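As structure tokens, one chain now follows by itself in the form predicted alone.
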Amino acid sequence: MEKINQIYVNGEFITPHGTETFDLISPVTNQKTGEVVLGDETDTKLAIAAAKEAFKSFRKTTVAERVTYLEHLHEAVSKKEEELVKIMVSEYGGTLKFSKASVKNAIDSFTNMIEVLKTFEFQRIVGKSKVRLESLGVVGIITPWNASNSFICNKFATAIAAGCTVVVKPSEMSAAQTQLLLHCFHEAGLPKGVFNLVNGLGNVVGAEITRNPDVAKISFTGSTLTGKIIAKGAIDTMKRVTLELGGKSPNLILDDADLEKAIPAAVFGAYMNSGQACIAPTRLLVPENKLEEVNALAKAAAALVQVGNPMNEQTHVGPMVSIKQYERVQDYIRTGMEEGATLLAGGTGKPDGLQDGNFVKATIFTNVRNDMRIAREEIFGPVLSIITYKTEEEAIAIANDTTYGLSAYISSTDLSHANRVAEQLEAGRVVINEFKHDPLAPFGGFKQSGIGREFGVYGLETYLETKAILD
């Protein structure tokens, strides 16, 4: 059984001042696999002080020096790719396919930011003035459990590119993954204090990062509720914030779409990362006059979805991360039936032969109204809602009728048609046909899906402060 009893401060692995422990539980077996000692306010203040001291010199590094650090990080993390995948599957329960993609994204974060630095101008002439984009300072990075290392690497790569130092509070549920990543970062040979990490609870470590006046910015990925708490706390010291929050993404199947391609893709897409994804297209909007055909195709696709051992290459849906998350999804499935939606596939309970872990049946509801809770609230599990529309105008209205606005998806055989619809959707990222990712394109949400953007030039700029010099 693994015991993780060190945090990382000022370039060293140290024993935390905190003594509280958190049990690590396998989502596949619900058996304890280890425990992590949690840091406290004292540990967090120590990490922030180290980052603050390191910032004095790190802010003065050249672009070439930052590129070198990013290259070292890329090399160090790449060496552990297979181990990072394996530990993500075992600790989190992410499917092998998803975990490979997630770790690949983590590794690529460093080379992507190198690409951005090649052309980024930290000093520009605007009007008759000189404009400098300068490093913000210490950045507090707070990450969730559903793709922990990918989030940490992307945010940290951006901070390095900007000349910022960081203090990271990862999810305590990702402690084993984080520990391996820490050893990679340590091997990269960064200056002391540039990277610091404290395992701990959000209401302890996260709260100190949020209120501490020596933290200039917070980059948070997680729930909208927690994001609001962070935003309220950050305002006292006027921290800059980047918040990538929840979603209830629509998938518009336009009337000219090829249903035999679009519907199976929509079903499998809704189950990305076992449904534990803020960008998952969990509202499927289809023409009312094609509902019968859509239902048949969706039901057939659901029958092909394999729920089970995440280490199996053929598995599409692994376990929910915890018993709490499993019970949350079960509650929503019961709610959907109580609200009058038609259960097309799946339902409550665990799939046959999977009683030990937190496994949920691949579930589809049809005849869903957009005012139902299953259509409005983020479930974070393998549950898809099919909603009909009469006209394209109504489809766009339904898609936009949500408090969220992180991602949206469109299926159409006419690309110009799809682009016209995309321009009318209230979402930070719109994906047309298939599921694509562009690591240099901005990513973030409209409305309650967040504030600010990540990735590429737009992400880098949020770690910088703008200064105009009039001489």
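Numbers for residues come from their place in the sequence shown, where the first is 1. All values derive from a computational prediction rather than experimental measurement.
The following text describes the form predicted in complex with adenosine-5'-diphosphate (ADP), which does not appear among the structures shown.
Trainee: Please determine whether I142 contacts adenosine-5'-diphosphate (ADP) in the model of the complex, using a 4.5 Å cut-off between heavy atoms.
Mentor: Although adenosine-5'-diphosphate (ADP) is absent here, I142 would touch it in the model of the complex, with heavy atoms inside 4.5 Å.
Trainee: Should F220 be classed as touching adenosine-5'-diphosphate (ADP) in the model of the complex when contacts are defined as heavy atoms within 4.5 Å?
Mentor: Although adenosine-5'-diphosphate (ADP) is absent here, F220 would touch it in the model of the complex, with heavy atoms inside 4.5 Å.
Trainee: In the model of the complex, is there a heavy atom of adenosine-5'-diphosphate (ADP) that lies within 4.5 Å of any heavy atom of K169, even though the partner is absent here?
Mentor: Because a heavy atom of K169 falls inside 4.5 Å of adenosine-5'-diphosphate (ADP) in the model of the complex, the answer is yes.
Trainee: Does P287 reach adenosine-5'-diphosphate (ADP) in the model of the complex, with heavy atoms at most 4.5 Å apart?
Mentor: No, P287 is distant from the partner.
Trainee: Have a look at T210, S249, N196, N154 for me and say which one sits with a heavy atom within 4.5 Å of adenosine-5'-diphosphate (ADP) in the model of the complex.
Mentor: It is T210.
Trainee: Given that adenosine-5'-diphosphate (ADP) is left out here, which of L84, V329, I160, I230 has a heavy atom within 4.5 Å of it in the model of the complex?
Mentor: In short, I230.
Trainee: Looking at heavy atoms inside 4.5 Å, which stretch does adenosine-5'-diphosphate (ADP) contact in the model of the complex, given the options 104-112, 71-79, 130-138, 171-179?
Mentor: Heavy-atom contact with the partner occurs in 171-179.
Trainee: In the model of the complex, which residues of 303-317 put a heavy atom within 4.5 Å of adenosine-5'-diphosphate (ADP)?
Mentor: Sequence-ordered list is empty.
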